[in-house]
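The form predicted alone is given below as one chain in structure tokens.
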């Protein structure tokens, strides 16, 4: 494929910006268009933090991709001259003994089998090393030092600047509502006021708004709301590593995970559960029931936070695919169209390698992930086959 194709990327979130950067570096002429500002206040990529981990149960493909991504995070930190990825490790806790066939034990077995230095928690370790946790309730687990968290909003803003510096044309104030098509080839997009942007290739990386442009995918991906909570304890220093690293507590069963206090003293936690399907433009507010479940979890698990007033809360929208895998591939029926979306609540951690996957899809380059993330038909999937993939 010639390297001087013009490419229009729709959406300046983590999928769109990384694709734009990679394609520009490969010699394409790239424009990325977004309603703006970047990061967009309603975009999934915009928040205080995102988890970065390689723990994926027995799923070796995502674990490998995660390890490659962490190397990329380290390179990005060096290039930016500041640490926007914090390699503070991750604590995975269980209230029952870890057993084979479940997420935590399978993660531990796969990763230690590959030589990663995970630290199984012995009796007394939780109370000694991580004293905020209820060590009578959580009786098993491990700590993975090769993990951490990323400053999502700051990183998105930095990538937008990197893209502009690399020669990408970053267009804000453009809300794509329709794809342009000439014969069997997608050739651009138009905005509500009739403004058009045209290119040889179009990459739709519009997150929860993807099905606005591609309604035919609405049976295979959809917006799902998940609750996020923020607290500001009086002494945030005790909620920072090493005694309070990023964590997941019975997460495949309870859905709860969270982060240490950031530089502003804000402790974030969230739930990755079934969620609720919503319109992409829905109000981003949580329900009283969701807050009550959060308080109940804190009372049982992190009692020191249970009575801290809520600093903020919101509903975060995932673009869930039917099988939980990303959607990074060419349209098999129309020329000139690539879709890069379907984060399903776990894409941001892979940011340093996402752009390469999207660029490979556009250029027709096969990689170990091409088939897994390709454009695919809806198929039956059993609930017990779903992986825990939350941030």
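Numbering follows the first chain given and starts at 1. What you see is a predicted model, and the numbers here were worked out from it, not measured in a lab.
The form predicted together with a small molecule is left out here; the points below concern that form.
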Fill in: Contacting member of 260, 207, 188, 141, with respect to the small molecule in the model of the complex [4.5 Å, heavy atom]
207
Item to complete: Have a look at 337, 30, 347, 358 for me and say which one sits with a heavy atom within 4.5 Å of the small molecule in the model of the complex.
Response: 347
Practice prompt. Indicate whether the small molecule has at least one heavy atom within 4.5 Å of a heavy atom of residue 19 in the model of the complex.
Written response: no
Worksheet entry | Proximity of residue 298 to the small molecule in the model of the complex, heavy atoms at 4.5 Å | no
Worksheet entry | the small molecule contact in the model of the complex: residue 170, any heavy atom under 4.5 Å | no
Discussion item. Is it the case that residue 43, even though its partner is missing from this view, gets within 4.5 Å of the small molecule in the model of the complex, heavy atoms only?
Written reply: yes
Practice prompt. Please state whether all three residues 129, 146 and 246 have a non-hydrogen atom within 4.5 angstroms of the small molecule in the model of the complex.
Written response: no
Worksheet item: Counting only heavy atoms and a 4.5 Å cutoff, which of 209-217, 121-129, 285-293, 92-100 contacts the small molecule in the model of the complex?
Response: 209-217
